[in-house]
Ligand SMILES: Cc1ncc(COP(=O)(O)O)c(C=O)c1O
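Presented below, as structure tokens, is a lone chain in the form predicted on its own.
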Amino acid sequence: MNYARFLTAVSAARKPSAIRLLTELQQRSPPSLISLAGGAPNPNTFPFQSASITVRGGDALLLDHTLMKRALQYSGSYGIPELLSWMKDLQKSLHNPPTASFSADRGQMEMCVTTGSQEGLCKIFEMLVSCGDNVLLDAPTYSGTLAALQPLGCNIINVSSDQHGMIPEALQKILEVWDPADERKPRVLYTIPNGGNPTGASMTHERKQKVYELARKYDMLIIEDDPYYFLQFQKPWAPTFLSMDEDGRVLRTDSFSKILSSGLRIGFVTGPKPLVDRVVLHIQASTMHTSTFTQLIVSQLLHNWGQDGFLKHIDSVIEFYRSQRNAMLSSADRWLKDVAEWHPPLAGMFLWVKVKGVKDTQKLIMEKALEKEVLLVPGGVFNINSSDPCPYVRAAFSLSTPQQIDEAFRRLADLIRESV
């Protein structure tokens, strides 16, 4: 893989920060090292002394005076070493990526911590997408993705999908327009493979294999945005693009927002070292690093749990969301069966509902639904062109109680019948 050909001019122009490199170096040095290099503030001047965080069903996480000094200080741009090490072991355990055994220049698996997976996505897009480039994705898609991509001036090409995710035959039909040697052909394919936001779609293993083979044939990179990987309702969990990446052409984003805390803002980018290094150069110039404090909290929790404890926690989270999903499906069957249609999601937090007899749900939701005191998201906001008519609405089953979900769908059914 010649990764240089994928980089935008802005990304290719980024240079390492000498001071950030010194921070990384100091982080790995013995305590006997005397450094007069860094411009970090003295933590003895900070008002925070220590912290104790109570964990449900477990021991408290304690940041004593010494650890607190570190938590409140600058840290390396890749992430704190103990968190990165733990996460690399987890990725290898869950996905067994072929790239883990590659050399660095060949595309060895590398990781960095990001301030939520959204930061990782934005920096990946800036690294790979220039004005006028053709980018492939399965729409409707996450509105945050569109918000990050559209200002870059690229041409977003929609690949048809269904409840089983991106359709490989539709992707092939699009790619056949270009000769594999054509420099104008798409270089980037983006997808949410599990419990997609907003559709709840999950791509089958067979489809992933076919999509990956097309990426090889047409020399594309795959951005595997997988924030709902740990919210799959069936086991075994679906194999990932990372697990089948024999070339080093997959950039994967993971998030702890859905399983540990959305407010801590902890995400990860996993992919070929030459590309992850470029993401880190951007981090050096923007946020410098994800909060050391939140990284240490998460790292302590994960080390206390171990992988088995972490996966046990995941099982409890899945059980909660499975129950919530089932409650929403039951209410949908009770109230919406005659006025809407949907597919049960296999992962995630969302039910994608097509309203019968309504061409566009924008006015229905943003005006009339508010009068009925029920709020959903009109499907048009997830389209490449948000003004295109869309008969869908997105219903989230993450926060509301089963009783609230049932009442919301009763109100929605009344609203639809009044509108048709």
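This is a predicted model, so every value here is computed, not measured. Residue numbers run from 1 along the displayed sequence.
Not on display, but discussed next: the form predicted together with this ligand.
Chemist: Work out which of Thr240, Ser331, Ser255, Ser75 lies within 4.5 Å of this ligand in the predicted complex, going by heavy atoms.
Modeler: None of the others qualify; the residue that does is Ser255.
Chemist: Just give me the single entry in Asn197, Thr290, Ser202, Thr270 that has a non-hydrogen atom within 4.5 angstroms of this ligand in the predicted complex.
Modeler: Result of the distance check: Asn197.
Chemist: Does this ligand, in the predicted complex, lie within 4.5 angstroms of each residue among His164, Gln232 and Pro345, using heavy atoms as the measure?
Modeler: Negative, none of the three is within 4.5 Å.
Chemist: What stretch, of 127 to 135, 85 to 93, 173 to 181, 223 to 231, brings heavy atoms to within 4.5 Å of this ligand in the predicted complex?
Modeler: Correct option: 223 to 231.
Chemist: Leu121: heavy atom within 4.5 Å of this ligand in the predicted complex?
Modeler: Yes, Leu121 sits close enough to this ligand in the predicted complex that at least one of its heavy atoms falls within 4.5 Å.
Chemist: Is Tyr142 close to this ligand in the predicted complex, meaning a heavy atom pair under 4.5 Å apart or at it?
Modeler: Output for Tyr142 is yes: heavy atoms within 4.5 Å of this ligand.
Chemist: Indicate whether Gly116 is a 4.5 Å heavy atom neighbour of this ligand in the predicted complex.
Modeler: Contact check for Gly116: yes, within 4.5 Å of this ligand in the predicted complex.
Chemist: Does the 4.5 Å heavy atom contact test between Arg265 and this ligand in the predicted complex come out positive?
Modeler: Although this ligand is absent here, Arg265 would touch it in the predicted complex, with heavy atoms inside 4.5 Å.
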